[in-house]
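Below, in structure tokens: the form predicted alone, a single chain.
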């Protein structure tokens, strides 16, 4: 079941500072090889557009992530988008998102991004509390976030997302409420709220292992997550995914590609790609992580793959379940059957029965989704389908 359109992810790995909680493929740098990296991205796009499985398909979404893509000049972003449109074709009305740190943009830069075709911008606000921002290693202030959002509105961005982080050690519910209120007051059409996690390989993880940071307790985290799930919708943003909330019709279409287990191609250092084949089969591959290695490979051959794996029907079915269960509406069992040629209850009946009986899953109108309790124990539910 192959779609005739797909999504493009463009990874720009450079940052002014590496946040201590971040496990993304990003690198703190005072300068970066913008021209060479841009040329490498364009070369990879050209190569991918000439080969299966994406040749002849058009782009329905483009997402510039990182790192901090807003460090690049609008001219560089424009060259990449022009190459994508020339080689693949960008559908009319496509969602084109760029991630930005609030302190890295001004009126001219935002206007430049808008002129290139970027129509959605995502700011890493994280918090409006100065102490929380310092703890998280953020180099912007709350006022810079407010200014960036206002400038984005004036630059013509109707689609604006703000990222927030909660369950920060020492954070109170009152502080979380204030962060949500501050964010909503800036009138974005989308909010993301992430529970702070301590991922292996991050500075925070090392500090936790040394006993220098104590994460919020599991009961405290659950209480905060419950509060967030009530407070953000109360302000007009419907919860549509575990960590994401939007005004009606303003869901992040690019991220829905991932959660619906649809095809996407990633270009850039460490970027991942997934091509859906027939009856749930597919292929996943990933690029070299080191920017220098990536640039050399992409400029040379147009391909910078570091590894790949074939996805069989059994693995594809498991991934379809736990990705779609991230969505608040879950998935239709008819969609599962259409993709894999087998009924959901035939493939996962025993597993699902335990989760239905345990109050972690529920079924309505032939859709399966997490319950409120299931949302709090989502990782445990997902593990049951592996």
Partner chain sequence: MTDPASIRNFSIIAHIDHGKSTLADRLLERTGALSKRELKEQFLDSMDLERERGITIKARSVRLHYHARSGKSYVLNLIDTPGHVDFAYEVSRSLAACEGALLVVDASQGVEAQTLANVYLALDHGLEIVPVINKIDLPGADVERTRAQIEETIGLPADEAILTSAKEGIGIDEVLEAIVARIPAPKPNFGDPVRALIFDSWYDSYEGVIGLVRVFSGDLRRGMKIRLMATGASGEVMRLGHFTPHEQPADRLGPGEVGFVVAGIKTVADMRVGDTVTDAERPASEPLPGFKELKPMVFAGLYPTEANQYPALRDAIEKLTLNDASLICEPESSQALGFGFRAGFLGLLHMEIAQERLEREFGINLIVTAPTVAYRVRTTSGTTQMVDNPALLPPENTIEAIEEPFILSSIHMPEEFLGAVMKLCEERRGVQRDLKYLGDKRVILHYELPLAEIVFDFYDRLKSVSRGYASLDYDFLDFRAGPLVKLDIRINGEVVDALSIIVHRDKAYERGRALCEKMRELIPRQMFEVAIQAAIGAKIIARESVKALRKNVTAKCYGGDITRKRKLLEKQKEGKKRMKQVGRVEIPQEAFLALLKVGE
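Numbering follows the first chain given and starts at 1. Small disclaimer: the values here were computed from a predicted structure and weren't measured.
Another form, the form predicted in complex with the partner chain, is not on view; read the next lines as being about it.
Engineer: Looking in the model of the complex, is the partner chain within 4.5 Å of a heavy atom from each of 42, 114 and 159?
Structural biologist: No residue of the spot touches the partner chain in the model of the complex.
Engineer: Spell out, yes or no, whether the shortest heavy atom distance between residue 155 and the partner chain in the model of the complex is within 4.5 Å.
Structural biologist: No.
Engineer: Any of the heavy atoms of residue 335 lying within 4.5 Å of the partner chain in the model of the complex?
Structural biologist: No, residue 335 sits far enough from the partner chain in the model of the complex that none of its heavy atoms falls within 4.5 Å.
Engineer: So, in the model of the complex, is residue 284 in contact with the partner chain at a 4.5 angstroms heavy atom limit?
Structural biologist: Judged by the heavy-atom cut-off of 4.5 Å, residue 284 is in contact with the partner chain in the model of the complex.
Engineer: Determine whether any heavy atom of residue 218 comes within 4.5 Å of a heavy atom of the partner chain in the model of the complex, and answer yes or no.
Structural biologist: Judged by the heavy-atom cut-off of 4.5 Å, residue 218 is in contact with the partner chain in the model of the complex.
Engineer: In the model of the complex, which of 79-87, 170-178, 251-259, 298-306 comes within 4.5 Å of the partner chain (heavy atoms)?
Structural biologist: The contacting stretch here is 251-259.
Engineer: Report the residue, out of 47, 58, 347, 326, that has at least one non-hydrogen atom within 4.5 angstroms of the partner chain in the model of the complex.
Structural biologist: Result of the distance check: 326.
Engineer: Can you work out which of 311, 213, 290, 136 has a heavy atom no more than 4.5 Å from the partner chain in the model of the complex?
Structural biologist: Looking at the other structure, the residue within range turns out to be 311.
Engineer: Go through 107-137 residue by residue and record those having a heavy atom within 4.5 Å of the partner chain in the model of the complex; state none if no residue qualifies.
Structural biologist: The stretch does not touch the partner at all.
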